[in-house]
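Heads up, what comes next is one protein chain in two forms, each shown on its own as structure tokens, labelled structure 1 and structure 2.
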Structure 1
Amino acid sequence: MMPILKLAAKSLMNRWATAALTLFTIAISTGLLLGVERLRTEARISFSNTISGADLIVGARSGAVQLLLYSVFRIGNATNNITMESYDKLKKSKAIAWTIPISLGDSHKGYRVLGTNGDYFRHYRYGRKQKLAFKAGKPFSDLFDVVLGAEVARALNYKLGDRIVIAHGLGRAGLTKHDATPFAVSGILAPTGTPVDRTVHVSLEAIEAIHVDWKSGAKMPGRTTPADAIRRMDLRPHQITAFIIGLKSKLAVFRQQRRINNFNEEPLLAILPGVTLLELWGLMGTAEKALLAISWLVVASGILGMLAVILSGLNERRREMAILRSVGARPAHLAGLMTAEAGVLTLAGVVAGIALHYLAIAVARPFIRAEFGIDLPFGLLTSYHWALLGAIFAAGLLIGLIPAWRAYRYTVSDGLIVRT
């Protein structure tokens, strides 16, 4: 066995250019398969990591998945807001333990601004029921205080006490800024690996304050109320975008959901985050299966490429086989040699593929964290991944039986004299 493996390795080294190319195709296809699988599982873990302990999420009536996406993941937009009266009425219920109101619609350099109150820092949980922690500073106390998520502070290099200006709307470039009312950074949150890191938090009153000069969706020219005057105004919020509910008893969840969905003063939608998340994954499932199928086809093409290369080289190697036979190799040995070559090539390709996929993760990681707030850890490969890799190696080895068979036939017919 060992001499055959050594011979296989040496034989490949002899044709190292072709071997390297084949190895590369197998490496790329393995890396692709692994990458697709990792991204799929990590994305799911990351999404589930984002919120924990919330029984219901309520927003203006749109679609369940849409509500989940904009309220928790900061992806997409609300269709409408909720009046403060409705929120005040609905949150008064003996079944409700706590609520967190949130207000969306503004941004800072592409990061979403979230208006909320102290309940957010008290009750929001993520991952395994982890609380939000402050790396520096504290929640807002002054009207124009802002609390930054970890990624915002890191990417834009903000520290406590820095002044920032919030832009209207959600575009990346803040064309219309609320520059009469700059904010001061009062707190920076510790990293959570969730979209909280990419969020800029202000109080609900602050959202009212920055829109004081805005009438009918436009900033009135020539009218800029100074910040001091704003502070003296009545800034009780009139509307919010969504709110999160924690119930005292989980058994009450259907009743509470129905109460909100049937609320006849305003069209609202209450969702169970766990259920909607599974719906979202159900939707993504088809795309994931398609991606996986394509990755397997790429692997297949890599292995078939290897087959083509070995087979095409077979004719030239008939003399080499004859020489080997003359020193005592039996046809079975030569068949073994072909299989071993295929096996060694595939194995090397798979190992290179593993390295390639880690490289891809290293490259993609900061981009994905900045854009989506999803954390893509390096992680160790699970037994499922090893099973996939084992399948690829087995496929390569099996494919090697084809040139093995042909080599066997050639050497038997050629004997020691090669007639090409």
Structure 2
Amino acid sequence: MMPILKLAAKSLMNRWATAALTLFTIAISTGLLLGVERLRTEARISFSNTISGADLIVGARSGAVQLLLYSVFRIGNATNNITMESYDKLKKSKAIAWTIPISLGDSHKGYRVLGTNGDYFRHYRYGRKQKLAFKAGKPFSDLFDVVLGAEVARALNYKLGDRIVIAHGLGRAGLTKHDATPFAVSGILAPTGTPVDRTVHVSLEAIEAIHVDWKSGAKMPGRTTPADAIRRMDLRPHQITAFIIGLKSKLAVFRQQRRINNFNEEPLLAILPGVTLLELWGLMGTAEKALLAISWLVVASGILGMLAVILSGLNERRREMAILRSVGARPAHLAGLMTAEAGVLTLAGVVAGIALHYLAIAVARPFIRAEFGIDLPFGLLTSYHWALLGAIFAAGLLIGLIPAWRAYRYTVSDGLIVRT
């Protein structure tokens, strides 16, 4: 076996340019497959950890996915709000460690405005239970302070101290601007790769303040209350859109979920965010499978490219085969040589593909983390990855059987015939 491998290696070195090109093709294919698979896995983990550390999300009774979409991803709207009386009553449970109230409904140049309180910055977690960090500034302290997500600040070129105006309603233009009560940027959050980056954060009291002169969703004509007068008002909110719950013990999660879902004062829905995130990811499974299928097609094209190179060179190597036969090589030896060459090329391509995979992670990791919030670890390849690489190597060996069969059928006289 070893003499065949040595002969295959020397034969490939003799045709180093063609062999290098084939090896590079397989390496690119292997590296792409590993990269897509790791990115797919980490994207799923990142998606599942868009919000982490939260045990329940509570909103008006609707669908679980709908509640998750508007409370976490800022997509869509709630069917109804939750009264503060219900919120206060529910959060007094001894099993609850903390809550984060959420109020939605306004926007700023296409970005959703979220009303909350200081617990949002203390308890909200994403990814692998990472805390929200400030790139600049601090949480809102004044009534008309605003904290911007990283994407909002970057896209609109905002900095600390800039004044912004919130609009009533959604969309880039909004319905009506709350221009009588502008906000000052007090903080800019560090990138998270989650919907937090696309959110404008204000206090719950600020949401009430900008709607002082509003009634039934419309501004009262001719009425504009000065900002100083608004500051002296009781701005405790009457309603919120949803709230997030963290429990003291995970064992109480189903009991609290049942308690909220059976709440008598108003119809509410409590969902487990992790379970609902997986359900939502399942709806996107087609795109995930398509991405993996494309990667396998690239690998197949690399293997087929190797076959084309070996077959095209086989006709030119008839004289070499005849010489080998004349010095005692049997047809089985020639077939073994072709198979060994395919195996050596595939194995070298797989090893080079692994190296390219880690090199790509080193180069792209900061960009992917900043832009998409996906952390690509330098972890060792898993058993699943090794199974993929084994499948590529096996495919290369199987493809090598085709030129091996042709070489097996060669005779000494084939190498002496001049074909035109």
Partner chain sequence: MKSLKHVTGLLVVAALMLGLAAGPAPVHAADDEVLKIDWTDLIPKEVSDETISELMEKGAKLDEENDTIFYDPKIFPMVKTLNGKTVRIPGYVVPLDMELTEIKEFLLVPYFGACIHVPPPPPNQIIYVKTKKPLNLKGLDYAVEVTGKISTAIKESGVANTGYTLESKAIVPYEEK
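None of the values given here were measured: they were computed from a predicted structure. Structure 1 provides the reference sequence; residues are numbered from 1 along it. What we label the rigid core is the largest C-alpha set whose atoms superpose within 1.5 Å from one form to the other.
- Looking at the condition given, the form predicted on its own, one finds it describes the source of structure 2 alone.
- The two forms, fitted on the rigid core, differ between structure 1 and structure 2 by less than 2 Å at the CA of Leu67.
- Comparing the forms between structure 1 and structure 2, the C-alpha position of Leu247 differs by less than 2 angstroms, with the core used for superposition.
- When two forms of a protein are overlaid on their rigid core, residues whose CA moves 2 Å or more are considered shifted, and Thr116 is not one of them between structure 1 and structure 2.
- Relative to the superposed rigid core, Arg44 shifts its CA by 3.4 Å between structure 1 and structure 2.
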